[in-house]
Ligand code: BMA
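Okay, here we've got a single chain as C-alpha cells, the form predicted alone, with questions on binding and movement later.
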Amino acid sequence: MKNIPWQERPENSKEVMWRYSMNPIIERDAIPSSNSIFNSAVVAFEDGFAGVFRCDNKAVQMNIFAGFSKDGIHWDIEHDPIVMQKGNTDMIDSDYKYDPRVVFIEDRYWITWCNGYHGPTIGIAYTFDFREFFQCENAFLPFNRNGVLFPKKINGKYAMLSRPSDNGHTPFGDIYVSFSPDMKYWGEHRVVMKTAPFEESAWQCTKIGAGPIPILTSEGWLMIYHGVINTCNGFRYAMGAALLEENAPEKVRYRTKPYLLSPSVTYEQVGDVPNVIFPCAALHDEQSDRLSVYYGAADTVVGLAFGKLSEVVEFTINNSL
C-alpha cells in the first residue's frame, strides 16, 4: 500500500511509535453539524483513501459518515450520515451507530460498528464505492462492542473479534473471536485475550478491545488494541499490540506488557472524554515497513501515529506479558 501518510521518527526519539506533529488531523468541527469526530476507520480506495467516521452531532446523536482523501491526512467528510439500504436482511433498525471499522475482503468493503438495537451490538454493512451502503444482520445479541473483522477468511470462514459488554460504560471486557460461513450467522465463539492482572500491567487491567483490522505478519496476526485502567480520575485508554496464531487466532503468542502509546499530550488528555487513545484503523506499506495508525483522542478528534511494522512486532515479542 503505497503513499500512506508518513512522518519520520523525531530526532532523538527512541519510541516504537510516535505522533504526527500536525495532530489532530481531523478537528471536532470538521463538518457543520459535528460536536466531535473521532474513533474512525480508513482504508486505501482508488487513487487515495476512503473512510467511515464517527461524528456525534450537536445533539450528541451518534452516527457514521463517509469521507474521502487524496493523502490520508486532509479529509472531505460528507455532511450527512450514511443511509443504509437492505443487504442480507429486511431488519436494518438502528438507534445509533459509532466506532466503525472498515476492511476489504474479496470483492467489497465491509463496515462493522457498534449498532444500537435494544442496546449496543455489532452492526455489519458492505459497500463497493462508499456511496451506497447495504446493512446486514447484526452479528450478535446485545451487548457487544469493538467488532473487528479479519481481512481474509480463516479456515474457510469469516472471522471477527469482539468484546461482550453491558449496556453502559462497561467496567469489564475481554476479547473474543467468532466465525461465520456467510457474514450472517456467527458462532464458534472463543476467548482470545483477557485483561491483565493489575500488578503486572495495570494500563490494561479493567478492559481491552480490538482496534484496527489485524495485519498478517511472519509472526502471526498483529492485533493493535486498546487497554483501560479505572483510575481515581476515571477510565484511561492506551494502545498496545498482540500477536495471534495465523490459523487459530484464539491463541495469543505475545502481547505487550508496556503500552505503545498512552494519553500524554493535550488533545488526548483534554476533550469530551479525557485521557483516551482509541485506535480504529491502520495502514501498512509492506515494501517500506511503514505503519500508520488512526486513533480517536479524548473522544473529540482524530490523531495519527507512526511506526515501523517490524519494530512493533519485535517490541511485542521482546516485551510480552
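Quantities reported herein were computed from a predicted structural model and do not represent experimental measurements. Residue numbers here begin at 1 and follow the sequence given.
Heads up, the form predicted in complex with the named molecule isn't pictured, but that's what we're talking about next.
Margin query: Between Tyr98, Tyr176, Trp75, Phe179, only one gets a heavy atom within 4.5 angstroms of the named molecule in the predicted bound form; which residue is that?
Written below: Checked against the cut-off, the match is Tyr98.
Next item on the list: Specify the contacting stretch among 35 to 43, 282 to 290, 22 to 30, 254 to 262, defined as having any heavy atom within 4.5 Å of the named molecule in the predicted bound form.
Entry: Stretch with heavy atoms near the partner: 35 to 43.
Checklist line | Close approach of Val273 to the named molecule in the predicted bound form, 4.5 Å, heavy atom | finding: Judged by the heavy-atom cut-off of 4.5 Å, Val273 is in contact with the named molecule in the predicted bound form.
Notebook entry, point to check: So in the predicted bound form, does Tyr225 come within 4.5 Å of the named molecule, heavy atom to heavy atom?
Noted result: It does not: once the named molecule is placed as it appears in the predicted bound form, Tyr225 has no heavy atom within 4.5 Å of it.
Margin query: With the partner left out here, check for me: in the predicted bound form, does some heavy atom of Tyr237 sit within 4.5 Å of the named molecule?
Written below: So Tyr237 counts as contacting the named molecule.
Next item on the list: Using the partner position in the predicted bound form, report whether Phe278 sits within 4.5 Å of the named molecule, counting heavy atoms only.
Entry: So Phe278 counts as contacting the named molecule.
Next item on the list: Would you give me the residues of 185 to 209 that have any heavy atom within 4.5 Å of the named molecule in the predicted bound form, in order from first to last?
Entry: Going through 185 to 209 in order - heavy atoms within 4.5 Å of the named molecule in the predicted bound form - there is one hit, Lys207.
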